[in-house]
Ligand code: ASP
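Just one chain follows, in the form predicted on its own, and it is written as structure tokens.
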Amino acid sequence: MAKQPKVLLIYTGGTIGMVADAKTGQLKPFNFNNLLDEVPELHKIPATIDTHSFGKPIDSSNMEPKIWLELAALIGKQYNKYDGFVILHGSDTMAFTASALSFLLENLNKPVILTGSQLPIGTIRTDGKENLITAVEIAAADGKKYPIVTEVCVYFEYRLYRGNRTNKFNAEHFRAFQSPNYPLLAEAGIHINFNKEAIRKKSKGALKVYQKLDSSVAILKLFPGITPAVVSAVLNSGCKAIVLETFGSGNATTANWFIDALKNAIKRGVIILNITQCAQGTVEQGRYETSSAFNKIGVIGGADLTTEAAVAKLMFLMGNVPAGKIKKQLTQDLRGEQTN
């Protein structure tokens, strides 16, 4: 890295990029060309910071796979020019975007840090300034031979997480994210303490940016009393893949109608990926009788994938891998997204 690292700050939208209108008091997106005026503390970071703003700010509830592809393409285009990237993003779907980018950016050897806030950057008690400042510091952090962080991450409330291991679990507190099945990559206090053992090791190959995703995915969350009609509606929705959210370590009802419905869908070529509804833990198909049938009919165990990572991984594989290889790659750890 250069003595004066260069960071590209990308604004997609979200709460963080809001300020109060001087006349009306209403919150509105501010001009990111004036970012350093809004957050003068960024001047103190020994890095060159350039900005790129999407033409129209996107609320994270409106985030779509096509935007993930645009972000990946932008990073690929600017990859050799910058030492790190910070993406300002709405928190509600941030974990989905982080997961998708982790798959789209193969052999990533630079930090891509997603951050945002629970309160707009223009409010007095905002968490946005600290999140932004520290995210930029992490993106500019030099490990001498190469950047300290070499993967897609989420930074929120003093903590750096692996992006495809996170989920948003709190809509009220500043600590909005968690990573129950993987340790923190860094924690910011007086110093930024990096957990270098947890950070992905530098890749040997050149960056490869993928530009295809197949969003023909549905989520089927089980609950006591779920009816055959509900299950049938999802399995016969025309989607190519289903994320099946089961109980505990991958368990489900053993009712014949349910097992038969899954079996018939798999015979039609539908991929069914089994993940747990629990925030922490992993799927162990066959550990209990209530999941033993899954192995027999071809349901794929999703280990400790988050829902966000499961959806993104399916979209990525279906868009870029031959159909005959998808099931095998679903069981493999591609970007640090699951524990095998």
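Computed from a predicted model, the values in this text were never measured in an experiment. The first residue of the sequence shown is number 1, and the count goes up from there.
This protein has a second form, the form predicted together with the ligand, left out of what is shown; the following refers to that one.
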**Message:** I need to confirm a contact call. Of 284, 64, 50, 59, which residue comes within 4.5 Å of the ligand in the predicted bound form, counting heavy atoms only?
**Reply:** 59
**Complete:** If we test each of 179, 91, 251, 150 for a heavy atom within 4.5 Å of the ligand in the predicted bound form, the one that passes is 91
**Request:** Give a yes or no for residue 134: in the predicted bound form, does one of its heavy atoms lie within 4.5 Å of a heavy atom belonging to the ligand?
**Result:** no
**Message:** My question is simply whether residue 117 lines the interface with the ligand in the predicted bound form - judged by any non-hydrogen atom within 4.5 Å.
**Reply:** yes
**Message:** in the predicted bound form, is there a heavy atom of the ligand that lies within 4.5 Å of any heavy atom of residue 330, even though the partner is absent here?
**Reply:** no
**Asked** Are any of the heavy atoms in residue 18 no more than 4.5 Å from a heavy atom of the ligand in the predicted bound form?
**Response** yes
**Request:** Could you tell me which of 243-251, 103-111, 83-91, 264-272 sits within 4.5 Å of the ligand in the predicted bound form, going by non-hydrogen atoms?
**Result:** 83-91
